[in-house]
Ligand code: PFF
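Encoded as structure tokens, the following chain is the form predicted alone, with no partner shown.
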Amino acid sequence: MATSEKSRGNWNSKLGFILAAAGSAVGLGNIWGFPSQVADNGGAAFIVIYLLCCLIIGLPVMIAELAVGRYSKKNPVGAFRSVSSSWFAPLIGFWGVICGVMILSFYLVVAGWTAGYVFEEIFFFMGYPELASWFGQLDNGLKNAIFSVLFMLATIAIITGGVSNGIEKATKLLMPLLIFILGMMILYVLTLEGSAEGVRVYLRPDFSSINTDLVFSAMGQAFFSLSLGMGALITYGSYLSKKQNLVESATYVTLADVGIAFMAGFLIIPAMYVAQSSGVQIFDADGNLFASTTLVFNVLPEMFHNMGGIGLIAGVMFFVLLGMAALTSTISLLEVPVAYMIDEHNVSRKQAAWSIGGLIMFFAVIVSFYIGLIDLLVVIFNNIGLPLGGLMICVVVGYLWKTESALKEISHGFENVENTWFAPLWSFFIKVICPLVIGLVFISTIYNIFN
């Protein structure tokens, strides 16, 4: 089967790409990971560092990924082969594909938890506590496997629809709906007792807490939340029109990601203190905030349970929100290996989606029954894999493909970019600042793992 530009697919509109790329970036890491990091790391001080990391490191790398993708019109493996003759360049792309596959294998299980808790809330308020408890057990292998498979089937159904009729249509529906539900939940939570204290904690900066660990934590959060280093944005970039301004589009995607993370903070942190005001414990014996998983799947459900009838609506809306955020990310994670199969092995989109999706589904079922694997997979493919992938992208674009070649690609849709302030600044960041900072994060991560 030919893999022409037409057969691969294209985005129908600029908005469609921005929403799809933002959907890839906006996931569970934004909705519960970011607020928990803020609460643990000096409130607004962490927000400031996170914003700087997204703009100074995340945005330049995102532009680089999009440029590589659009220039090559290929998946990460074919893309790196197109921009460099070095033998290891395709291996970098293949590492991104592997990271995406393995991250999706455990992400499906976590996404399934959000779906399970929709039913937990419903059955609790219907007066079936035992059934509610079954749906709320995070270590329930059978339940985890069922919802993981359902999540993957929904993802495959969207992917088989293609780029414009599948991914773009789905994200055009999901992203506005996600923002609407998030906004409604924020407005409601802010009316509850205890929310004001949460807002103060969220917005009050503690700059004394800024240290190397906080900066590296913000960098890691930015990298994961922006979907960098795993080939997703290279793949999405490969479907872009030459008329589209890559710098402008990447900026919109970054701002959307940061904006939704910031909104999520206005929901999660005030909700934590609402829970505390109703008698729910949110700190451990040492005075530390409970881990994000405990907060989302223990503390907040208990808060919803104490709210009476309105708690049913609030609880269902909250976990539907999380499920939608997860789905927008699983779509992009599956599209990467699917694009690889289409481009490199000349298979149809439908065959690629079902074969790769089926394999990942198998991995997800194993993880469903052995939940402890999640921590190991997070360390290898998220904490180590993504910074390593981002570092290699900077090396390839900065020193093998050369930033001059990348700027020629960026000039499509951004005329005379070579003569603007952007060109030397972006080149300097990709060649020096980004690899230096990402390299430090990578070294720090390895050090912390083995010490």
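In this text, residue numbers run from 1 along the sequence as written. None of the values given here were measured: they were computed from a predicted structure.
Heads up, the form predicted together with the named molecule isn't pictured, but that's what we're talking about next.
Colleague: With the named molecule left out of view, choose which of Tyr340, Phe304, Tyr107, Tyr117 has a non-hydrogen atom within 4.5 angstroms of it in the predicted bound form.
Modeller: For this set of options, the contacting one is Tyr107.
Colleague: Give me the residue from Ser238, Thr171, Ser368, Ser332 that has a heavy atom within 4.5 Å of the named molecule in the predicted bound form.
Modeller: None of the others qualify; the residue that does is Ser332.
Colleague: Among 324-332, 356-364, 273-281, 196-204, which stretch sits within 4.5 Å of the named molecule in the predicted bound form, heavy atoms only?
Modeller: Answer to the contact question: 324-332.
Colleague: With the cut-off set at 4.5 Å between non-hydrogen atoms, does Gly27 touch the named molecule in the predicted bound form?
Modeller: Yes.
Colleague: Give a yes or no for Ser225: in the predicted bound form, does one of its heavy atoms lie within 4.5 Å of a heavy atom belonging to the named molecule?
Modeller: Yes, Ser225 sits close enough to the named molecule in the predicted bound form that at least one of its heavy atoms falls within 4.5 Å.
Colleague: Heavy atom to heavy atom, is Met230 within 4.5 Å of the named molecule in the predicted bound form?
Modeller: Close contact exists here: in the predicted bound form, Met230 approaches the named molecule to within 4.5 Å, heavy atoms only.
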